[in-house]
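Read the single chain below, which is given as structure tokens and is the form predicted alone.
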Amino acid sequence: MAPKIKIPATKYPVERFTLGNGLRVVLSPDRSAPVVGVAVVYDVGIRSEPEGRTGFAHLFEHLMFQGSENLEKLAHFRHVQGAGGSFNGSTHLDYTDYFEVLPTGGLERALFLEADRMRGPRLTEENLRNQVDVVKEEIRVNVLNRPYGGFPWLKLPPVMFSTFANAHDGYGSFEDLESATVEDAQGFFDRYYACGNAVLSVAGDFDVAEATAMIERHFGDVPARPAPELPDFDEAGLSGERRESYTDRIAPLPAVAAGWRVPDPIGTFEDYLPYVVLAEVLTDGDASRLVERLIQRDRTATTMGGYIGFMGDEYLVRNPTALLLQAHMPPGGDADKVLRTIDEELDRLAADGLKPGELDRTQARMATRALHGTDDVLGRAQPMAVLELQRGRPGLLNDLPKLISEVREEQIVAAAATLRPEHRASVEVIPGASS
């Protein structure tokens, strides 16, 4: 029997401090390549949207690129790209992030740009109407006119959850987007885009003392505003199976996705981590249980995937979240049969345990991906910012490969035993383009 592969923790340095205005800062210097990554993460996401304003967190992300206190519209684009850099932003369930990657000499430029829009974006009627149209077009492209658009990240939550915060459509309805006002946008900024509700993270080639001085210079005089009280989005788990289906007019093949609630990823991380590994045991690679059974042996599915979190952000999400399994099926595929087979494999795992080498192989693949993900500066700056925001522990990024490798077989077996049909929510896609 081959010896278990020893997986080390990474050792990226982490320095933390807080400015007088409440802005938390994380620095992770690495002089091995002349590049820096800058990320600013705000503690607001899709779950914080008020009723009647679905899609607002994502819409506001767009507005943050439409000029700021000292910069006209499109200036951010020009200053970053003109220095040979790249930039973007993204909206998640529990946070919104903005980031730049630049050659080393561009660090102060990125800090100035982020500080300027932290003071205030240009919230005008023209910018708002323009970005409402942009977001509506994004919805048309990514959801309404794409096969399996929104499956399952938009389609499964309303089956699994009951509260507006957890169940609503994070892209938003056209009606809600069109009714948004500049006053709404200003109120959203004032409430959530405060220094005390944000983390700035810098990773890569820089001197800590020089970077600290730059950060003080550009962010130190941003007006202090307190962070809003963090809501508790938790809700009761399912007391019985929930199942729904819908017709996708342009989907060529049937599909099904199932989800089960899992332990609190922050409050009970030790109980949560085995579910992260379990999702990979079930679906990662040709030798995984559900790929081998559903695709290779039974041929009842053509694709099979499993992960934690509706946006695939297993270490950067708050409670409540879920373990998801999804499959596309051949023409005439039977979703009931796929779900029954998943139940059988979970029961077999819970009763008989893992095969020799199964856990070691999965942990090695997971750790390799985790190590690879931190190779580039943004792969450190962005998750460290979120880990500081949600846990006060940016160094967890260093520990993850080792923690994954320490999950034991009995923990995987115990996790599998909880994934019962009566605790499951599922959604089936009925293809409308198959004829």
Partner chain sequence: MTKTLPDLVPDAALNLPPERERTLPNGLTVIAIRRSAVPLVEVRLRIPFARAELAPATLLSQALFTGTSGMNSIDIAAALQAVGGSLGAGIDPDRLLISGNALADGLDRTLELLASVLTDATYPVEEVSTERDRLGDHIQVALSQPAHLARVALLKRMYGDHPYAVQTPEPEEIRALSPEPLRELHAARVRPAGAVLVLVGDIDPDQAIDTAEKILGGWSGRAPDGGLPPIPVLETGPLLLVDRPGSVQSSLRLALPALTRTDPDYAAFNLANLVFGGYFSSRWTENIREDKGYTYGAYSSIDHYVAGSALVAAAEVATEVTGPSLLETVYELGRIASLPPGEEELEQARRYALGTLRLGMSTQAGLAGLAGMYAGFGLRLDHLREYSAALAAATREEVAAAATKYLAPSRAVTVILGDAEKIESQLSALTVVERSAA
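Treat the numbers as computed from the prediction; the structure is a model and nothing was measured. Positions refer to the first chain, counted from 1.
A second form of this protein, the form predicted in complex with the partner chain, is not displayed here; the remarks below concern that form.
S.K.: Out of Q326, T321, N197, Q131, which one falls within 4.5 Å of the partner chain in the model of the complex, going by heavy atoms?
M.R.: Only one option qualifies, and that one is Q131.
S.K.: Quick one: of P147, P228, P158, G120, which gets a non-hydrogen atom within 4.5 angstroms of the partner chain in the model of the complex?
M.R.: Looking at the other structure, the residue within range turns out to be P147.
S.K.: Check L113 for me: does it contact the partner chain in the model of the complex (non-hydrogen atoms, 4.5 angstroms)?
M.R.: Within the cut-off, so yes.
S.K.: Is T362 a contact residue for the partner chain in the model of the complex, using a 4.5 Å heavy atom cut-off?
M.R.: Heavy-atom contact with the partner chain at 4.5 Å: present for T362.
S.K.: Counting only non-hydrogen atoms and a 4.5 angstroms cut-off, does D376 reach the partner chain in the model of the complex?
M.R.: Heavy-atom contact with the partner chain at 4.5 Å: present for D376.
S.K.: Looking at the partner-bound form in the model of the complex, is D94 within 4.5 Å of the partner chain by any heavy atom?
M.R.: Heavy-atom contact with the partner chain at 4.5 Å: absent for D94.
S.K.: Quick check for you: of 234-242, 162-170, 300-308, 345-353, which stretch puts a non-hydrogen atom within 4.5 Å of the partner chain in the model of the complex?
M.R.: Within 4.5 Å of the partner lies stretch 300-308.
S.K.: Does anything in 46-61 come within 4.5 Å of the partner chain in the model of the complex by heavy atoms, and if so which residues, in order?
M.R.: Sequence-ordered list is empty.
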